[in-house]
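Only one chain is shown below, in structure tokens, and it's the form predicted alone.
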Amino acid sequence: MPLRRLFPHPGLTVFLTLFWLVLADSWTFGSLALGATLATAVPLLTAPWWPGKPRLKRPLALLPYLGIVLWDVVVSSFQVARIVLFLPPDRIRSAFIAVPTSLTSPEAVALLAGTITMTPGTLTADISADGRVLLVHALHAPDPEEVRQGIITRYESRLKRIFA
């Protein structure tokens, strides 16, 4: 059996193996063997449903993007804590905001939606059928346009440079 058939997504196999070792918190041969087996089986069994490989124009640009997202998660955690603890409930301005996106890759749209959801205070509630509009719920959005523009300039513009 050619290696490509056994490992249809080799990067995913490596990632899942390492992720298993971190979750298991056990760097033993048995844990590695089980992780490698699962990491080989999952992509192999799900390969028929994968539309193809995502085209990354600049894969190394994912590292700074990850740094920005982690920084935003930390900062947003403090902002959400401040809103919840100190802002009177009648002054909290929650809103659903439609965020149009010009991303064409389904993987890029999914990464944008996941980034929004991981950032405390925002949540991707829905994605339009064509993948062109995200419905985002913001805990506190006195200016919804500012939230929309922040998502587009901070995340979407970077994802455009990463994905072809």
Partner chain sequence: MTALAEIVVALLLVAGGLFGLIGSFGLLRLKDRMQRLHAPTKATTLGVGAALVAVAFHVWLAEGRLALREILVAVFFFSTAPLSALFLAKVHLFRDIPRDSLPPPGTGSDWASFTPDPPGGKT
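Residue numbers count along the first chain shown, from 1. Just so we're on the same page, rigid core means the largest C-alpha set that superposes within 1.5 Å between forms. These figures come from a predicted structure and were not determined experimentally.
Beyond the structure shown, there is the form predicted together with its partner chain, which is absent from this document and is the topic of what follows.
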Give a yes or no on whether every one of Ala108, Gln149 and Lys160 sits within 4.5 angstroms of its partner chain in the predicted bound form by heavy atom.
no
Give a yes or no for Trp50: in the predicted bound form, does one of its heavy atoms lie within 4.5 Å of a heavy atom belonging to its partner chain?
no
Might Asp25 be said to contact its partner chain in the predicted bound form, defining contact as any heavy atom within 4.5 Å?
yes
Taking heavy atoms only, is Leu45 within 4.5 angstroms of its partner chain in the predicted bound form?
no
Using a 4.5 angstroms cut-off on non-hydrogen atoms, would Thr119 count as touching its partner chain in the predicted bound form?
yes
In this chain shown alone, the residue from Ser31, Thr104, Thr37, Ser128 with a heavy atom within 4.5 Å of its partner chain in the predicted bound form is Ser128
Using the arrangement in the predicted bound form, list in sequence order the residues of 125 to 153 with any heavy atom within 4.5 angstroms of its partner chain.
Ala125, Asp126, Ile127, Ser128, Ala129, Asp130, Arg132, Val133, Leu134, Leu135, His137, Ala138, Leu139
Classify Thr119 as shifted (yes) or not shifted (no) between the shown form and the other one, where shifted means its C-alpha moves by 2 Å or more with the rigid core superposed.
yes
For Trp20, does the CA position differ by 2 Å or more between the shown form and the other one when the superposition is done on the rigid core?
yes
